[in-house]
Structures are given as C-alpha cells and as structure tokens.
Ligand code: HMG
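One chain follows as structure tokens, the form predicted on its own.
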Amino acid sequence: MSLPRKVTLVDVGPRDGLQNEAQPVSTAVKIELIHRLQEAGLPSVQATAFVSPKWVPQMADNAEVMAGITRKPGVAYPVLVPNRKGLDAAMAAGAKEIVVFGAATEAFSKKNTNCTIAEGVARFSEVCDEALKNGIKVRGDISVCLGCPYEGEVSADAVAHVAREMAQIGCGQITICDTIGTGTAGKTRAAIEAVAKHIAIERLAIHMHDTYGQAIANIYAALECGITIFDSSVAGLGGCPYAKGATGNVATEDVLYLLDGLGIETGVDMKKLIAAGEFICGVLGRPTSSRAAKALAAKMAA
C-alpha cells in the first residue's frame, strides 16, 4: 500500500500540551515555544484557546499570546473556541483559523461540554457561520473516537455520524481524536474508513494519545489509509482532564522520526524540534516524554 509523500504536522503543544499544567506558564514562555516550533519548520502550531479562564486558567493570556507572536509566512496558528463569545475574542485577537470540538459519545459530550452531541453541534453552527463569513478556517475535532472513559467501546459508525454533522455546519477539516489513547491500528483504520465514506480523506486529520503505547502504530495505519494531517505535541506534553489515566499526546519528535524513516516529507528539522522540547521541559522542570528525543539527544551528546 502506497504512503503519502508529504504530510502536515500540527503541533498542539502550546495549547493542548500546556492547558492542564498545574504551574503557571508565562506568556513569554508560550510565545518563545511557538517561535521555536515555527523555526523548526512546523507549518501549523496550535497557539492558544479562547476559553473561560475560570475553567482553563492556563489559557487566560490568550490575547496576549496572539499579540506577541511574530507570525511567519506560511504558518497557521489555529486556536480553540468553545462558543460565540470565544470566537469574538479570537477574531479580535487576529485569529485566522479556529478549532471547534465535539465528541463521539453522549457521556463524554455531557461531561466535557455539559450538553448532548446534537446540542453541541447546534451551538457550533452559529460559530462556524460567523467564522466562515469572516474568512476564518474552521476545523472540527471529535473526541473519544477510539474509546470513551465512560462508555467504553465506540463504534466507527458513531464517529462517522458526528463527522458528517460537523462537516454540514462548515468544518473544512475533521479530526479523529483518540482522546484517552486506547485505540489500536485496527480501530484507527475502521474509524477512518467509516468517516471517509462521507468526507474526502484529504479533509481528515488524526490526533493520537499514547497511553497504551499504540500512537505510532495507529499513525502508520492512518498513513496507509491516506491521512496526511497529524496532530502531535512537542515532548509529548498534554493530556485530558476528563479522561482519567490518559497520558500525553504523542510526541512530535516520535512522529517525525517515523516519517523521516519512511522518507515522507514534513519540512520539520529534528534538531531544532528537539531543542524546542528541551526548552519547554526545562521551564516545566521535567524530562521529555519523547523516546526519540531522549535517544537522539544522547546520541548527539556522545
């Protein structure tokens, strides 16, 4: 089976990676991390979230982060928005791409956003309409596509249903997310194939967590299906507060090592990426979660 010749890596570290950190991360550090990631060649860096500081205090400086970024031509800086108020704030801050989110199960939807799947889609319909009117790209993330902490197994048809709903309200890109990292290559393939019956494969993205050590295998399965857009987080930062036991996002360094080994073009420089990971891990006072970064750093030191 032929694999894509080129893929797009979206680093979610500055947002998804940092949003649940207990210790405050300064605005200057967040901006520096974004700058380091874009200099490493990342074509898309999820910059921040326009959410209530009451619920996500780490993202309270969203406007300051957006104002402080020296934007690089050709780089996208998507931001998460939960509602119309968040969209208005994001537009005021100059956002050109937003991320809205839903879930593949009712239980997770209610726990995460305090509404049903249908209510969530309806809530985002106005957001998408307004964003598109203002020339802002919209991406829709679907949580718990490969397993739910409350409902367990998730059917591929359930994922496809939500994907179709999000596409209908204007999401140009749809992301299949393994929020708690329980997915396998087989489940990944089944979800992608179910969604791809209704939405072009070029519009689909993958967001993997590595709780069971399956993220790289799942990404390879997605590559075989023709997926060319992958979320990852520098140094493997981040988790999900609503998913007990869920470890971090798959590390960007580990995904890049896979892609480099397959000869797939990304435009990302591994040394600069590892340095970006070392920078943020130094601030946070802990080692990287990336196996590739650890091994390559040791090799370079030797």
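All residue numbers refer to positions in the sequence shown, first residue = 1. From a predicted model like this one, the values you see are computed outputs, not experimental measurements.
There is another form of the same protein, the form predicted together with this ligand; it is not shown, and what comes next is about it.
- In terms of contact with this ligand in the predicted bound form, the residue from Pro82, Gly170, Pro149, Gly226 that brings a heavy atom within 4.5 Å is Pro82.
- The contact with this ligand in the predicted bound form, taken as any heavy atom within 4.5 Å, belongs to Val56 out of Met270, Ala63, Ile31, Val56.
- Mapping the unseen interface onto this chain, Thr113 counts among the residues with a heavy atom inside 4.5 Å of this ligand in the predicted bound form.
- In the predicted bound form, this ligand sits beyond 4.5 Å of every heavy atom of Ile192.
- At the 4.5 Å threshold, heavy atoms of Cys177 reach this ligand in the predicted bound form.
- In the predicted bound form, none of the heavy atoms of Ser26 sits within 4.5 Å of a heavy atom of this ligand.
- Residues placing heavy atoms within 4.5 Å of this ligand in the predicted bound form fall in a single listed stretch, namely 138 to 146, out of 216 to 224, 138 to 146, 198 to 206, 151 to 159.
- Within 4.5 Å of this ligand in the predicted bound form, a heavy atom is found for not a single one of Phe230, Glu253 and Lys294.
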